[in-house]
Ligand code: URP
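We begin with a single chain expressed as structure tokens, specifically the form predicted on its own.
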């Protein structure tokens, strides 16, 4: 063994127990009491929790959107990730007309590989079927290690939306080839109608971003996507679920035995739509928007009972000057917020406060993402798995500020939010990359994660 993390409380989705964790060659080699090995380095974790590294399955790094590019690139975004205990980051590679899936992913992989501070994987967002050739490429994408794709049910004007017919074709082909279909579910026509109405009435504050796409606009698309998935017997993963009616539709479909998965994000669990009435409301503009308290409560309930199976971030921050473009017109605000460094601390803080268990936090942030998306070496503390490990101090108080984060943005919606407990160390495949507030890794040591398709 190269390293022994001694006497911490090991947390899995099902149990917690005091043990040593032995690491050799970047893998977990042993878990037990009183481990020893000649020459092994020993790190004392007495009084702390030892957790699997989190997996953020929803980010947009260096993404062109809204007339600019998201503030975090592959280096700064993954650096921030490991400093928050996230050891694997999924990014969305956006396929464009004439481009293939593997071609699209390889271009992004080439950007990430030289600078990534965390391990990384990709989903491919399909925007055009290229006359059907994209459907023919699903099997080769699975073999390449990218067995998941995304369909935007919105962003028609931006050329990113797929219509229902295209979504149906993708669901059918994904089922045949072992792929998972992810959907961003909102109704674009109702959004456009309401935006036009508000602009004509001179209603341009960030509050009208929320009112242009409130609960029922998202819910309709959730129900529609679930309907098609049920009709074709295809698996479906709903990203950034934010509304109560959508939660109810997911729960009903799962109770009926359908393979429907839902993800939510920390911003939907912590804030309500009232943030859009704040002076800095433009900073909270994301899509889907943050909803009302009933939806927030429904999401927490669904996490506890297992119907919302993952929590990810939709990390897509912009600089304050760019958010300010829409200070007087919500339609000009680049959509997206920060969160990659806050995911694990926030969910573990919720566990520390008794809102969920630590086991549940590990389940939704690590184990379930790994299982759903084919990360066979990730997501759990078990012999043979990658030694992606977070040491967490449950007694450490931490107040979030842009000044103590490790991203490239100059503001955060989490400014001033306090969490009880905080990660003090992060190991990526056995290598210490974060230590008590400081990034101590080397950019470029993150590796591409080749994922398994669905059987």
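Since the structure is predicted, the reported quantities are computational estimates derived from the model, not experimental observations. Positions refer to the first chain, counted from 1.
The form predicted in complex with this ligand exists for this protein as well; it is not shown, and the discussion that follows is about that form.
In plain terms, the part of the chain that comes close to this ligand in the predicted bound form, with a heavy atom within 4.5 Å, is 280-288 out of 188-196, 110-118, 280-288, 381-389. The listed set 79, 173, 150, 296 contains one residue whose heavy atoms approach this ligand in the predicted bound form to within 4.5 Å, identified as 150.
In summary, among the residues 307, 363, 314, 91, the only one with a non-hydrogen atom within 4.5 Å of this ligand in the predicted bound form is 314. Mapping the unseen interface onto this chain, residue 398 falls outside it, with no heavy atom inside 4.5 Å of this ligand in the predicted bound form. Within this chain, residue 130 is remote from the site of this ligand in the predicted bound form, having no heavy atom within 4.5 Å. In the predicted bound form, this ligand sits within 4.5 Å of a heavy atom of residue 336.
Although the partner is absent from this view, residue 123 stays clear of this ligand in the predicted bound form, with no non-hydrogen atom inside 4.5 angstroms. Contact annotation for 60-91: residues with any non-hydrogen atom within 4.5 angstroms of this ligand in the predicted bound form are 60, 65, listed in sequence order.
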